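Just the one chain here, the form predicted on its own, laid out as structure tokens.
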């Protein structure tokens, strides 16, 4: 059905009208959205998406807002936020990946196996990366330590194949459940996926939850690895300041002579460059920070200026890693983190 501006919509979950996107993104910039929906579990997520499609409004999904710059002004669409879908749990004994993702609450009468016997871990899309890593530390499961310090959510991390020098989030992924553009649940085994550099290659599908098969390890060893990764990030990245993470993907090393996006920016002396209250970080050239009062327009202008200067100096057209939510652009289903 078509959307009528003043009609009353019976949303199947918590719904906020004219909600601020700046409050829900790590850059702390952006305008407002006509409707923001907050499902609390996969079934509500599916119902919310179907209702949004039926409203005739364009739809976007929002995770932790760690990789997004949303344009200023009012976007007359629907944003479905997964922040309430925070559950992390272990699979019940004897269950398959499909059954595990469909499970509700664990049966307290059933004795759970030791993590070494069944090293699988399940998380819904709204679980934060740090919460996922803390859980692995408590269980003595290794493989995701490098996610500590990454501020996004599981759904977005899988959608963009988040990673770093330690590896990528898909490395230990065994199974992922997605929501198709038609509103149906689909299950993808890792063997059937085709993730790429900073791209989960989900074809417009949205992550609902996932299962990892990790490596049993002494808890103190997992804790030490987490500490090392976090200390490294704190030394080289502005992790305590408002940003949207790395702005640009690293270019093909054969084209850039092995130089990363941050190094290309640094070589031009662009660290500290500002537009309004947006600034290229003094600590890392591939980060733009909000010094407190930046607007989305400031950030977007600085992103464009940086990209143009690198292209003029080196001939390299950097590709954006940060998703730019522009009001007039058609949304992509998996465009969030």
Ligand code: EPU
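Numbering follows the first chain given and starts at 1. Being a predicted model, the structure only gives us computed values, none of them experimental.
Not on display, but discussed next: the form predicted in complex with the ligand.
A.B. asks: The ligand isn't shown here, but in the predicted bound form which of 309, 40, 271, 50 has a heavy atom within 4.5 Å of it?
C.D. replies: The residue from 309, 40, 271, 50 that makes the contact is 271.
A.B. asks: Which pick from 216, 181, 113, 164 sits with a heavy atom within 4.5 Å of the ligand in the predicted bound form?
C.D. replies: None of the other options qualify; the answer is 164.
A.B. asks: I'd like to check something about residue 35: if you look in the predicted bound form, is any of its heavy atoms closer than or equal to 4.5 Å to a heavy atom of the ligand?
C.D. replies: It does not: once the ligand is placed as it appears in the predicted bound form, residue 35 has no heavy atom within 4.5 Å of it.
A.B. asks: For residue 76, is any heavy atom within 4.5 Å of the ligand in the predicted bound form, or not?
C.D. replies: Residue 76 lies outside the contact set for the ligand.
A.B. asks: Does any heavy atom of residue 286 come within 4.5 Å of a heavy atom of the ligand in the predicted bound form?
C.D. replies: Because a heavy atom of residue 286 falls inside 4.5 Å of the ligand in the predicted bound form, the answer is yes.
A.B. asks: Should residue 72 be classed as touching the ligand in the predicted bound form when contacts are defined as heavy atoms within 4.5 Å?
C.D. replies: No, residue 72 is distant from the partner.
A.B. asks: Which is the contacting stretch out of 208 to 216, 238 to 246, 183 to 191, 114 to 122, given heavy atoms within 4.5 Å of the ligand in the predicted bound form?
C.D. replies: The contacting stretch is 238 to 246.
A.B. asks: Can you name the residues of 256 to 271 that have a non-hydrogen atom within 4.5 angstroms of the ligand in the predicted bound form?
C.D. replies: Heavy-atom contacts to the ligand in the predicted bound form: 260, 262, 263, 266, 271.
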